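Taken one at a time, structure 1 and structure 2 that follow are two forms of one protein chain, written as structure tokens.
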Structure 1
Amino acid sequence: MATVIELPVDTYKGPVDPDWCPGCGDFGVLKSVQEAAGRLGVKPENLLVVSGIGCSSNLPGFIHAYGIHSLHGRSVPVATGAHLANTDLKTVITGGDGDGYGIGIGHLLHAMRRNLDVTYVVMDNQIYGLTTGQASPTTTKGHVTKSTPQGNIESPLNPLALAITSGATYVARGFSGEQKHLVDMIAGGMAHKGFALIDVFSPCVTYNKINTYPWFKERVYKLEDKGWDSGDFYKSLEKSFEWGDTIPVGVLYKTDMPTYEDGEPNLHKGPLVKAKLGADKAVFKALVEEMI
């Protein structure tokens, strides 16, 4: 194994400073992604950060790396295409709960089932921040938002349970208020071979007055502190439903499974972007002959 040369966090300092509201949870996530990349020694030119649309999805603009700031809900397929084109790049997808669990959920499920070797960090603030505070797929029941003035009547979805059952091979939760721990979660995901989903409590200080820093501080505890065994599928699934007075953060589930890339012979000779351009004359001739 090649030795990792760690890089300082300001290697990844972006061209512009974030325009998030002061106190927004996303600052901590940005910093953690930068630190995780530095810890793994990923050079900026080999880091590809892909997002959709939302406050959280603005992240690629604030980090020194290659970025794709795609469409609302489409970060996963765009990242998949870019990653498959160049598997030498370390691909990290970043976005919000609306982006990933709402409009983009279909893509997410399939990416997890493929066990694609990418890392997905969801800044879950349980609200649509950029569009000024409507209910999201993780908004809790009864929560009054701009689009649910009588209180949300839908149940929130459980991203961790979904990830475990869909085939993600690294499923973790972090909290923007626990920065050091969050770096561990993200770096662990990036180092993991296979699909890593990291759901991060990233409070929206402007539009979510319920799931705030103090709200989480009171409830979260670290699985690592309890000696959690992340290798048991069913136990992890059961654990993913713990939500109330205590909420676990940490690596909930981790397993080693063949990745999509392992199963795709056309990736075994190296990244597609480095493959010889144009048709092989003999192969082409045979393909035409087949048609006669």
Structure 2
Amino acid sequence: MATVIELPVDTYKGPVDPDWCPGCGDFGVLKSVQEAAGRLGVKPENLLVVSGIGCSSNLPGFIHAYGIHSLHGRSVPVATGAHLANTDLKTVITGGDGDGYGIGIGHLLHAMRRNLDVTYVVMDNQIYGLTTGQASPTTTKGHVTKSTPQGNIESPLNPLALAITSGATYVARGFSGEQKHLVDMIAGGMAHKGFALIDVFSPCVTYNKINTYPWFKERVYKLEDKGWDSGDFYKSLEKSFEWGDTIPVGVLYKTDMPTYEDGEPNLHKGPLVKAKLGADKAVFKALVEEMI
């Protein structure tokens, strides 16, 4: 087993400072991703961070690593392509509940069922922050927002239950108000071989006045403090529905299963970016000209 040399968090300090609203939960998520990468000794040149569109999706611009700020809801397919081209990179997807659980939900489902070896950190503030406060897929019933002035009539999506039943092999929840614990969740997901979803309560201090830091602090408890067994599929699924006066954070479900990469013969000899083309210059030129 290779020796891990931890790196200081400043290793991942980006050239641009975050411009989120003061108090935004995304600051804690950014710091946690940086600390998790440092704990695992992942060098910036071996780290890829991919996002979609939204307040939280600005994160790749605030971290020293390879980064792609892609299209709305398209972070997962972009990350999939980049990861499969170079499996040597540690690929982390970051975004919000609107981007990931709304327009991007179809991509997310298929990435989870394939058990791709990537980590997806969703900053779940239960509101659309960038577009100034509309209801999102995780907004609770009755919540008055800019788009639901008489109260939200839709049931919120349950991302943890969805992940467990769709094939994700590491399913966890964190809270940016418990930053050290969140580092554990993200580092665990990055170290896990398979698809890791970390849903993070990341309060929007500007547009969500219900799901605030005090609201979560009164309710969240750590699963590991209760001796939780994350290997039981059915109990984990049942636990994912716990919501109200008590809300669990921690690793809900974890299992080891073959990844998509394990089953793809073209990846058995190493990353595609390091493979020989297999066609001479004349054939390659003809192919390119045919496509242009």
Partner chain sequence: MHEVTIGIAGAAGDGLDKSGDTLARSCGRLGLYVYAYNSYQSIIRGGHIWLKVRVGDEKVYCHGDNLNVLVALNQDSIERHAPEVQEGGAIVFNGDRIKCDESLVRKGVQVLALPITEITGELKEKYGPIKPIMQNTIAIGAVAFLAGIGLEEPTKVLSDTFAHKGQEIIDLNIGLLTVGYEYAKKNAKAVQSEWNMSGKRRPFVTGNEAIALAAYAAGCKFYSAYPMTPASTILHWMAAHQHETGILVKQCEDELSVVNMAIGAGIGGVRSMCATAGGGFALMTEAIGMAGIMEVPVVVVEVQRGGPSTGLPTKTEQADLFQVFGASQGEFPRLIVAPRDIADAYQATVESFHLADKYQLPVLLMSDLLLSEHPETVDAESFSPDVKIDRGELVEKWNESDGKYRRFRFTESGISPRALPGTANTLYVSASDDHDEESILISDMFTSPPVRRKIMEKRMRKVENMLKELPAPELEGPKDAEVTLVCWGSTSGVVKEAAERLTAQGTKTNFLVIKYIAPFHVKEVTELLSKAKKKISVEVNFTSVMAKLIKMETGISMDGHINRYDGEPLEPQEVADNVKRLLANKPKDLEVSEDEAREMVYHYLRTHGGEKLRPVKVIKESSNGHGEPVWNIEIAERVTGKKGGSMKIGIHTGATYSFEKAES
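Since the model is a prediction, treat every value here as computed from it, not as a measurement. For numbering, take structure 1's sequence and count from 1. Just so we're on the same page, rigid core means the largest C-alpha set that superposes within 1.5 Å between forms.
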Quick check: structure 1 or structure 2 for the form predicted together with its partner chain?
1
Exceeds or equals 2 Å, Cα of V16 between structure 1 and structure 2, core fit:
no
Superposing on the rigid core, does the Cα of V283 end up 2 Å or more away between structure 1 and structure 2?
yes
